[in-house]
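Okay, so here's just one chain, in structure tokens, the form predicted on its own.
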Amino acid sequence: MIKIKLPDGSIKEYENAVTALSVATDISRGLAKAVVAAKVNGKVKGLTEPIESDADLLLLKFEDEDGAHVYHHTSSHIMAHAVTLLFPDVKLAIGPAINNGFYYDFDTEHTFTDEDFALIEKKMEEIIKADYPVERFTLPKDEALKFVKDNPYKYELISELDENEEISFYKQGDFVDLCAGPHLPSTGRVKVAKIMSVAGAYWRGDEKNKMLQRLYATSFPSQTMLDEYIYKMEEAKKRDHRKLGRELDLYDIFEEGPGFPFFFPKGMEIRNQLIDYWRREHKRAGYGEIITPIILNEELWHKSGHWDHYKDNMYFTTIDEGNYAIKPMNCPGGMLAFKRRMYSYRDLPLRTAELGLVHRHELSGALHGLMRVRCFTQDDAHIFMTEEQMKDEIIGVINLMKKIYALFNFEYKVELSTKPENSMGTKEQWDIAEKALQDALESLNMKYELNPGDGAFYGPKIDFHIQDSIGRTWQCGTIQLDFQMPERFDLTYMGADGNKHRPIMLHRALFGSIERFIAILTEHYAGAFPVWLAPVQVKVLPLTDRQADYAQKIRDILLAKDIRVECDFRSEKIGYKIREAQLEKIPYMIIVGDNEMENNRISVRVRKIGDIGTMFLEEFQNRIVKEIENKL
């Protein structure tokens, strides 16, 4: 008998080999229709692949990340099938699933246009309606090479595989593609698909290779889900921080420095408000702030392990005939700051925080506004502690993280990433570190996902993925437990027994990168920042030149209360001034005419709701000061 264990602990028994689809059908027909793939003993498999021995089975729906990946991967084959029917001379390259969809790279003399999208989508519908079974078959390497001899891209991929490896292909109708799988059972399982865009892409990302055409697309189990996705994409375009950064004059990146951002006065107001808040919270949490140099001797990076694991992303320079590196991370400088003196066990835990400017070499194609840059400010911290203090310190960082994300109304999910293949340290150290992170999460009753093998090279980590107002997720906060750096730098403290002991170290960042966090906030709020963060909190709009002195007086009174205020003295109609202030996303507008001036009052307009009537300036001042103090 074959025993299939389900996530709830129940076991189903079968006399012969069984498929995940059969198990799903045994549970309910509705479930069998909803599932798209399965995890068998932790490995993603197709629903119709045979299970021939006892196994743990997790049935995957489209809502599961691995399930969506299989769904989109099959959709990429459907798109490639459609393109080959419409353009028979096309040569196929690769077509993986990606976040929220898939793409396929094509080599063809035909240039894809928006008009082609509708033709390809119509042909995809025909393939979906045909409900072709998606069938896997394998060939030995020599036969596989013969099979794809007319396609240089597939031939190259197969040539690099091991001689004894069986090469898998997937067939649907008369279309066959080289693929590792897994896939949906049939093309009819895909319900709706849409091509989103076309772009150029070098074969294998190498600019020395031929430029191919990449069709980006997505697919969903229902038209409603597709419509929601398209709405979010359109909303994301409106919220693009690169566009808003220019329109609101916050920040930008110029051709003279790709990946190196500029911040202008209004952008600096947002940045400084975040940093001021960050500093206050860290002081309250018992951190001391330090700053370490941007350039340090190359030997330091050999000692830290970054040379072996990160040198391709680093910048280097020569000073006085010595080799130096521009720091990609703050950690080694933090090690030297600790090592400068002998601490006692009474000094631990020692919490140090740093707003450190780091530089990392990113490929030009990976750069994306403030989201992916070559220099950024990491809100770093290093906590040095004993093994007994680990759990409490991790809990303290998690609680600080939760407090900060709550301020911006961010929901989040948490991942625990464990030892990667390329790592430093002993198994025992990793086991202790992983357990400490797990214990801290569980003691706070926090839900988390396990992400095996994705830890940092020096230790396991907890990552926070925040969700913005239109449902996108961004990895920001991280907590990394490290036994290795203190050992490599020979860090010690004096224990209660009078002997030297090795501290354990916690790396952590809350915003992750100040620049990237500002980009996320810009898109989260669509540029309409809350009052406490808004670069300009109030704009005073006099109706005519007669009210200019009164407007100036209002501005001076508000400035004295540290309220960020501007006046619009232009000789324009008030409707035009209001529209301009609305486009600038100013939280409050104060409108003053003769009536307001004569009665020593102001008319107030709120960005979100419009006019709220007249009031005394003191009343308004109390209102906005309270909002700023409460971070509203």
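In case it trips you up, residue 1 is the first one in the sequence shown, and so on. From a predicted model like this one, the values you see are computed outputs, not experimental measurements.
Same protein, other form: the form predicted in complex with the RNA, not shown, and the subject of what follows.
In the predicted complex, E449 touching the RNA (heavy atom, 4.5 Å): Answer no; every heavy atom of E449 is more than 4.5 Å from the RNA in the predicted complex.
E15: touches the RNA in the predicted complex, heavy atom cutoff 4.5 angstroms: E15: no contact with the RNA in the predicted complex.
The RNA contact at Y202 in the predicted complex, heavy atom, 4.5 Å: Y202: yes, in contact with the RNA in the predicted complex.
The RNA contact at E52 in the predicted complex, heavy atom, 4.5 Å: No, no contact at 4.5 Å.
Triplet I27, T48 and K191 all within 4.5 Å of the RNA in the predicted complex via a heavy atom: The answer is no: none of the three residues contacts the partner (heavy atom, 4.5 Å cut-off).
Option from 177-185, 539-547, 163-171, 347-355 whose residues, in the predicted complex, bring a heavy atom within 4.5 Å of the RNA: Heavy atoms within 4.5 Å of the RNA in the predicted complex occur in 539-547.
Residue among I319, A496, A118, A366 with a heavy atom within 4.5 Å of the RNA in the predicted complex: Contact with the RNA in the predicted complex is made by A366 alone.
Partner-contacting position among H501, K391, R472, H302 - heavy atom within 4.5 Å of the RNA in the predicted complex: None of the others qualify; the residue that does is R472.
Residues in 345-363 with any heavy atom within 4.5 Å of the RNA in the predicted complex: Sequence-ordered list: R360, E362, L363.
Cα-Cα shift for M329 and N99, closer or farther in the predicted complex, minimum 3 Å: Their C-alpha distance grows by at least 3 Å in the predicted complex.
Relative Cα spacing, S469 and N409, in the predicted complex - shift of 3 Å or more: Farther apart, by at least 3 Å.
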